[in-house]
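The chain below stands alone, shown as structure tokens; this is the form predicted alone.
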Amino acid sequence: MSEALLDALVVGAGTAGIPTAVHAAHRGASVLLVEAAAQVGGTLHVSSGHMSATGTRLQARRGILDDAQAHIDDVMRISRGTAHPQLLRLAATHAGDTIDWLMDQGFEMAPECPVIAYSHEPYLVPRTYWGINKGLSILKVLERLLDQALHDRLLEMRLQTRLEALEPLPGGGWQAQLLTGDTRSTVRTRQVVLATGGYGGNAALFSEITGGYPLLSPAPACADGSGLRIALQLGGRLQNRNVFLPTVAGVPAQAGGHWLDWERKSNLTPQHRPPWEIFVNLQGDRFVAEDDPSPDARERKLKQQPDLAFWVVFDQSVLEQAPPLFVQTPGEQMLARFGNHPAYQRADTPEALARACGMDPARLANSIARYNDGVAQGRDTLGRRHLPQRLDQGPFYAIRHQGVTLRCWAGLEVDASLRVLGPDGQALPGLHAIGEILGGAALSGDSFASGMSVTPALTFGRLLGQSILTCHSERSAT
């Protein structure tokens, strides 16, 4: 297959790349799917797998009246009008079909879905979905479809294979330089689909694109932005360079590292667990009403804090009485980290705790005192409403958290046919981009809209896979 002129080279076997390759292969296209990692799936291995769509059969069964225009309007409300209108319409219009398609493929939907999700700014109606095993539920479907296509020899796949370079062929198409282990190879193809994901595994590139913000991410190391760099070298345009908003929040797996401790995920969503603790910045000052019902408001307050960091502070009484702070982590496991991880600090007094954390002792003591006064008066200075009890029983505890990057915001600019745009605004013939390489801001703007990363990746992959041969014939005709 590598010596003939392929119909499509799909780079990245994740949420977007797998459906592209499978759908294209079933339509008769000759397809090579390559993946830099040793396994397929990309970020689905760590993703919550949230999806959003309207007009699905599941909505209809529950009598939920919803349509694509309402979805578009809701995303524009949440994003303050900053989402890409053409891509948003394309994604929202076909999202319902994507969910129904997943269900037809045996997707194991969580029984409560669709719901209104509160991990980010909520929609006005229930249109968020996820599987019983989060992102792995989606991967289970995609792997089965891919395995069947490989078994039927409908396509070829190479793992641990990186795209090193692309150059246009005379008369159309592309020549791709691939590296598999220590072996280099060349393939010629009519179409290239970049589905290489974001740059959440590359702290240096992340800082460069976002203007210096620190990275904390669950993204795999192969999410290094290599596909993005190749497209930019070919003249592609980067959009939403300085757009960034952190998710509240997580703990690094290692001190000073940029990998999120995904196994110890904090439950800081007040609709799921009202806070018993207070949040203070690196100076020791509270900066947000911890139970503010708006995720967007909490995220923007965190963005203003140095290093996107804060300490979750509580006392012995909260430790004993409050619901667990970490999802699926017993209290004794959390306690074992104190003294063994610099993000976990404990001391007998607020002042001693502040010194251990590098905070100003007077400011932390004042933050705790003012919070305690608010508890006594039933009125918090920052407007917090959930005031269960004072923080005055030592020892005192603090866990350093940092804003998390669940998706990369900047990405390649494409047209409504998902073709990469060059410096003059014209499409680069035969070069497409889908998935996180487009950047999260394309579909959510300067905010988070639930399900507008995974669903568009699946949807665009299906649409592009179904049109690969058409794309080639139309280009040839022109």
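In this text the structure is predicted, and so the values were computed from the model without any measurement. Sequential numbering from 1, following the sequence displayed.
Omitted from view is the form predicted together with a small molecule, to which the following refers.
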(request) Give a yes/no on whether Ser226 approaches the small molecule to within 4.5 Å in the model of the complex, heavy atoms considered. (result) yes
(request) Consider Ser47 of the chain shown here, and say whether it contacts the small molecule in the model of the complex, taking contact as heavy atoms within 4.5 Å. (result) yes
(request) Give a yes or no for Gln305: in the model of the complex, does one of its heavy atoms lie within 4.5 Å of a heavy atom belonging to the small molecule? (result) no
(request) Classify Ser453 as contacting or not contacting the small molecule in the model of the complex by the rule of any non-hydrogen atom within 4.5 angstroms, answering yes or no. (result) yes
(request) Sort through 349-357, 370-378, 100-108, 154-162 and report the only stretch with a non-hydrogen atom within 4.5 Å of the small molecule in the model of the complex. (result) 154-162
(request) Identify, from the list Ala231, Ile78, Ala219, Val288, the residue with a heavy atom within 4.5 Å of the small molecule in the model of the complex. (result) Ala219
